[in-house]
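To begin, one chain is listed below as structure tokens, in the form predicted on its own.
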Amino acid sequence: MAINWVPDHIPPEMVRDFSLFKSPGMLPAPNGDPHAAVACVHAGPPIFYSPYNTRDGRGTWVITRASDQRRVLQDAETFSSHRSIFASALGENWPMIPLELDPPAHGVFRSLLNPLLSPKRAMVLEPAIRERAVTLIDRIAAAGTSCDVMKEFAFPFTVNIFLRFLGLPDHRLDTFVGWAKDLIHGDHLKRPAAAQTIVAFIDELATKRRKDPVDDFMTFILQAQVEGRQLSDVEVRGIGVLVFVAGLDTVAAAIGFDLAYLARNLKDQELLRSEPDRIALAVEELLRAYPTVQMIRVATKDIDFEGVPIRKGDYVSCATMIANRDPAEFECPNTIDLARENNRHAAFGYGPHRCLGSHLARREIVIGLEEWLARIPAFRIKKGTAPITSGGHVFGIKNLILHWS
């Protein structure tokens, strides 16, 4: 792999040839296991510098120990969450809200949105979530003995729940998923085009709801107040874009990785099918083993962190898939133990920016597995097919063809 430019303050001995985008196991590959591939970093130093570890080719410090990642993610004063990860695709600099706001502004908007995604709200949504899962799985079971689980279940299931939450039409599901895939997994041409399309859609939706308010998420945002004022157009856009992007890919990918694991491990599959009360605990282990997101912070000042010279403006990577394979945090981290307890995984991040939608995401995954295992007999990956996995800013899986008889 070609090594990019390394800032002068970084000692050469701290530079490693590593990238979540390009290292072995990260490029799209049949029957890949990118989570196991990144676990190899724990054989090296706890912190190192990767010259190429972002989509746009920038280098980052890579924090490997879970405890060190928690220190970084908790300290929003030293490690900012604002790097315009979406707006930068447009050559602009505005934050997705509240993810890319730092305290105290972050807390103001987080308080506004918390009630919409609280555990209580997730419970209210549960009957609709279960109904959607049952409908899709029954349709798959009636159609035959195999399916492309990402296309026929994972995406239609999770994206439908998200679209209902936003008050968006279900018939555009494939269009929205296509935008998200181009944004998250697309190249330097598809990504900015998708970003522009999504911004235009959010702005148009806001304009419509201002003229004709309805009972949906966008209307709530437009009518909300923070600190005694209504939200600005940029703030409405920042919230709308974040919620739109966050709900379209990550939960579906998590369900895909989980079903791929169960398809290859029939004893665990049968255990959960015969004892469904174990599923909730098992999902925590699967979230630990197969998280999908890398979080990046930006240093706001010079700091020596565990002997490492991090300087203002440096990017700092806290990849959940690395923290969750930390042997200092988890016994036998590369072993999937569905009965693992005290599972302090980092799948939803940590600190003030911990994933706002984690409660809803967790219920979607649990319900999805409960209904799948209740309705589909013992399943395997179809002979002659191979799921394609990939690394990157968000890990992904596709072409997951399951077969049963």
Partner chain sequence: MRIIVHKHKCQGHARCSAQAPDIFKLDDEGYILPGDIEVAEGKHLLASRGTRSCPERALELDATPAARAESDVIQPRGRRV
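As the structure is a prediction and not an experimental result, all values here were calculated from the model. Residue numbers count along the first chain shown, from 1.
Keep in mind the form predicted together with its partner chain is missing from the figure; the text below concerns it.
- With the partner omitted here, the stretch from 29 to 37, 46 to 54, 374 to 382, 343 to 351 that lies within 4.5 Å of its partner chain by heavy atoms in the predicted complex is 343 to 351.
- Contact check for Pro104, Arg130 and Ala289: none of the three has a heavy atom within 4.5 Å of its partner chain in the predicted complex.
- Among Glu284, Glu152, Glu235, Asp326, the residue placing a heavy atom within 4.5 Å of its partner chain in the predicted complex is Glu284.
- Of the residues given (Arg278, Arg191, Arg83, Arg209), Arg278 alone sits with a heavy atom within 4.5 Å of its partner chain in the predicted complex.
- The shortest heavy atom separation between Asp68 and its partner chain in the predicted complex exceeds 4.5 Å.
- Its partner chain is not shown here, and in the predicted complex it never comes within 4.5 Å of any heavy atom of Arg172.
- Using a 4.5 angstroms threshold between heavy atoms, Thr197 stays clear of its partner chain in the predicted complex.
- Put simply, Leu231 is far from its partner chain in the predicted complex: not one heavy atom of it is within 4.5 Å.
- In the predicted complex, Asn114, Pro115, Ser118, Pro119, Lys120 are the residues of 112 to 146 with at least one heavy atom within 4.5 Å of its partner chain, listed from first to last.
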